[in-house]
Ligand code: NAP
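Read the single chain below, which is given as structure tokens and is the form predicted on its own.
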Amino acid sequence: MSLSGRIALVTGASRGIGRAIALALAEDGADVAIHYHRDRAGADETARGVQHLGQRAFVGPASLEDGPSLHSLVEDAAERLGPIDILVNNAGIASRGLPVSKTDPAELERVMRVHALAPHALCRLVLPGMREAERGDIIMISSAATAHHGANGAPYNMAKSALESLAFTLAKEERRHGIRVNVVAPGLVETEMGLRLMKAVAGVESLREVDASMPYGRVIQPDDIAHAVRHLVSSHSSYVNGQRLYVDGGGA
């Protein structure tokens, strides 16, 4: 699944799912722009991993709530590596787990900005260059929450649903330019955010406590998501567009 000559931008790539995706794409031959917000040390570690695999890496900071910094991120990445032809909108935040009646409107607005408005802005910024490429791919990292819409998670559920709506709309708009837009929707993944979520809702101290209740007897790993992404952006998925792939072991 060679990605030789392609340039990827992965948001939230300083750790967890984003880091796994960045390394998987580099392993397949892509150069990678690594976005981070606060964790520069983590982003640098991801960059070293990309370089160890023989690929170029660029590390760029940006707040997903700040339009000008997103513009700078894309501009600087393109200047260092070349025009982006793979965009992975991965970065995200959790909501507080409150019912609608107790949710602060500011929380809803922030979660929507991070999960939906920022990806919209990034897509708009990369599209001019991506349209000139032989092939373009945009991957939205969503969530199995869009299948269940569980209680006490309206900001997150709404934001991920909006992200998917953006993907399905963009898939139709950009198909004529050779761009594929797809969604990867994980279940519970072993990340810091996943552990925080399970501590809040189930009081667990380690995700090992819930392995037995998961499909195939284990919590999803970041590499499981990375492998789905690397397949979707490869030549093996040249006719896949506007699709949502749940990576959740078939659900509960």
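Numbers follow the displayed sequence, beginning with 1. What you see is a predicted model, and the numbers here were worked out from it, not measured in a lab.
The discussion below concerns the form predicted in complex with the named molecule, not included here.
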Heavy atom distance at most 4.5 Å to the named molecule in the model of the complex, all of H37, L64 and S142: yes
To verify the annotation, which of these, A226, L188, V183, A57, has a non-hydrogen atom within 4.5 Å of the named molecule in the model of the complex? L188
Does E192 make contact with the named molecule in the model of the complex, using a 4.5 Å heavy atom cut-off? yes
Can V114 be called a contact residue for the named molecule in the model of the complex at 4.5 Å between heavy atoms? yes
With heavy atoms only and a cut-off of 4.5 Å, decide whether A133 touches the named molecule in the model of the complex. no
I'd like to know whether H52 contacts the named molecule in the model of the complex, with contact meaning heavy atoms within 4.5 angstroms. no
Quick one: which of 174 to 182, 121 to 129, 84 to 92, 98 to 106 gets within 4.5 Å of the named molecule in the model of the complex, going by heavy atoms? 84 to 92
Can you list, in sequence order, the residues from 151 to 166 that come within 4.5 Å of the named molecule in the model of the complex, counting heavy atoms only? Y156, K160
